[in-house]
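First come two forms of one protein chain, each written alone as structure tokens, so that there is a structure 1 and a structure 2.
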Structure 1
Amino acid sequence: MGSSEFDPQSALRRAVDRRSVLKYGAASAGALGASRLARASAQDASPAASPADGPSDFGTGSLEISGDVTIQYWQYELAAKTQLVEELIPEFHEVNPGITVEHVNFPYDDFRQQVAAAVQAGEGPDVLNVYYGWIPAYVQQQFLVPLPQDIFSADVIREAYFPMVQAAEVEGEYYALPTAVRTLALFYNRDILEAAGVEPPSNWEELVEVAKATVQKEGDNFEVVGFTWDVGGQGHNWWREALNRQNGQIPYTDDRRELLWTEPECIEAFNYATSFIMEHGVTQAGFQTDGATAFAAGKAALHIDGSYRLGSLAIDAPDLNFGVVPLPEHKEKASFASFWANGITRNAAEGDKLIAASKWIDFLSSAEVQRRWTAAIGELPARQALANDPALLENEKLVAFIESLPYSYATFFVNESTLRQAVIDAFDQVVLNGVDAETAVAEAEAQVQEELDEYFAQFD
């Protein structure tokens, strides 16, 4: 365990704090408290997490359930992920014989419908693997309950995990914990760059230069774009969390309640992004339908994408000769991050189910499982202490993503789809309709701000 890791002993001492009594009702807090106190006295002299407890960093090994319990764990279908979880469940069961984890999968495209349909029918998951951007909405709907603070202390999470994980925090409480995270970096086509005699770019100016040097046109038609234009893909994230911050402006206030998109630095960053089309003419929208397809087809020199793209490129374009570098920086370094995280739903809000769910989440986010997860799935560890793992750094294509972890930020979405659409529309207004950036961005900001105001009104 790293120095910043959690001390389970102190959690045990905080067992019956008033907060949890209020939150989960007297019965559940009593159950949690009693079992903890029993263990606490027995364990005072011994090291907290014995190996027999299995992977656990939040000390849930000491919590006991009163009888056998079954919890449903839902996650979307991705072969690598479902396979690993299938392997992990028996290991978890071995150290927690009283807990049965039912693993339910469904296609990603149906995610929200499936969850909604199940919940409306009075069923659904106890532990849900959820895209972090949907957490605020699920919190508003009181579908996710806070992770028990006496186990998953917010301070500990803030310290042990990379800063992006704070996007899973709403009004001071964590609602989900990731096993792994993803960041954005710049993919470059080695062959195209070599043919043009240029090196991968590391700052804004170089990005323009390399894109200009590598673009290939025949008349008005592009043969190869210097840099992919994919606002609907990662482009909107790139502007929001990377370009703005790189230009010295965090795009919202510290409490995340107010957008600062119309600050001059953000407008400047926006204009920098559109200059690739409007000024330099090195790219176009819809080329090869989308950026990832263009890059996989070897028809794009530079492309911004997430670490998960490595996996699909290995399958779709095994012969593509490419490398990955961190996003070109400007005044500062910054990148966008995203993650899937495990949260507890209101189905498991109390009693044995809450304990079982907590144990399962503790297990899934333990350092040991994170290490295996990274190896098997190619996502990056969420815990800071694991980022320097030499085994991880062996994969040269992963290095750029790992390097970006400390300065990668996840957007706090109140409604992911409308925010995304608002930013896409702002770019389209400028690029297609010749509207000036201030007007287009102000319109998007007003639209999203209205939703933020509505959302935060519930806490005031």
Structure 2
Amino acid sequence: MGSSEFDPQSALRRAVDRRSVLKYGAASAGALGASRLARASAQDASPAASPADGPSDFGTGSLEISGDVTIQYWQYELAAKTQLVEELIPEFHEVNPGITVEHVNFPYDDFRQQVAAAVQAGEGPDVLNVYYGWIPAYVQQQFLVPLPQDIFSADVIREAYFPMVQAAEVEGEYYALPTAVRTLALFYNRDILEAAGVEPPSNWEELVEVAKATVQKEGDNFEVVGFTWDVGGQGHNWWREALNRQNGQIPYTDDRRELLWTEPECIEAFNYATSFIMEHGVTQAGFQTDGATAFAAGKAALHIDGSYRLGSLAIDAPDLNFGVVPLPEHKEKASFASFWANGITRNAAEGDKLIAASKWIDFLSSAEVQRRWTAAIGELPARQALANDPALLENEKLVAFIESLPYSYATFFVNESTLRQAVIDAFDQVVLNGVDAETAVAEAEAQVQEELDEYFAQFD
């Protein structure tokens, strides 16, 4: 992206050639029949009404378009998500005649580049499914526009949604609204733990002991890791928001302007994380490619991941015998929270496109879609009231994530990718190069603090 030879128009054309576009015009009888069948299946699973039959949460049902309008909705490719959205689009069309939603997907690794190409080319999505940590950057670039306050009341959002959703608020304006949120929990392979005669761990000390009891090696080669080493996955979040807080230290000040990573409790938590490789020898970087792959293949006893992984495992490893428990605690309880949210881009900042985009976001945020999203994806409802839904609490694999919602924290990112890389580099410096934790963490903190200072200077 930093190359002077980067051509956004050419990149965008390549993106259009490669993308998967699901385009639905006026619904045919077959499509309507399929949508009714999908809603009937959803009603069998839950007594709540279909989103197509329920009231609008933000009053968009009273908004009218002046003529037919098409909007593009972009999200990254995840089979469980794309499949559900494909089911939802015809239902949305059924109650919103005249609005056509084009569903565009890219592989996750290409997603930000394709969005960047669209931004520079002045094209791309009207509604973007965006990781919350990218919102500040897209606001700076004036790519995302604020959700219309006369439609999406900030007071309603604050009252109805979990507080972590406030991470989508920049200087008093909400720029996106999630369908679901995520927390972290500990996945465990039941068969491996039972064979070792151990129970899932509930605290830091037990996590070490269970990992040591379940690791399997053939000489110097790992057959099964006791605990996945996945800093590039959820490991950086685990240290930053969970381990530090569990050890009694918040990772940044309440105003989000100053990092506190070099406090002694944070360094101690960092050393605890690295001990699984450096002291206990129960895991390996890059084993089976990454932690999620190793766990899905039955080659890892313990693995920390987000609630969305439930949907992926149901598709990729349907026979895996596993359970989920809350993150092992220490002095305190804490978990990391994150979410993908739907925002309106400058391409749909006014007129019929703004109305259509608002209706689509309202639909995706409705209570019934959130229920279905949780069942299909494994992500948790963003609405506080739905966390007590008996149907969700009956799912033993969801309970650990739902229990974690009250003590889950979403990091404020000026630049999510550079912060993530700074933490990964700090771990690599210690594990691979033998640098002491204090030095490695101080370097990471200085890098990210510089970005924070520059970002907040615009508001001073």
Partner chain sequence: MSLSLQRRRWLWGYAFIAIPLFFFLFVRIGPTIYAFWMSLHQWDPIALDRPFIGLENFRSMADDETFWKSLRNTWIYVGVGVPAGLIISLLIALGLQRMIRFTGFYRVLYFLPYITSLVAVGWVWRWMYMPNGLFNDILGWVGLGPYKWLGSPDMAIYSIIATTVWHGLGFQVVIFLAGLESIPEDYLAAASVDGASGWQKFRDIVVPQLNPTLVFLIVTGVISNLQVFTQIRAMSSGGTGGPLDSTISIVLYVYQEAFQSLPSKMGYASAMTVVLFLMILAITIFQLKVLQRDTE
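By rigid core we mean the largest C-alpha set that fits within 1.5 Å across both forms. Residue numbering: structure 1 sequence, from 1. In this text, all values refer to a predicted model and were calculated from it rather than measured experimentally.
The chain as displayed in structure 1 is taken from the form predicted in complex with the partner chain. For the two-part rigid motion between structure 1 and structure 2, E265 is not grouped with F152, each C-alpha going to the part with the better superposition fit. Superimposing on the larger rigid part's C-alpha atoms between structure 1 and structure 2 leaves the smaller part rotated by 17 degrees. Superposed on the core, the two forms differ at H93, whose C-alpha moves 8.3 Å between structure 1 and structure 2. With both forms fitted on their core, the C-alpha atom of L354 sits 7.0 Å from where it sits in the other form; this compares the forms between structure 1 and structure 2.
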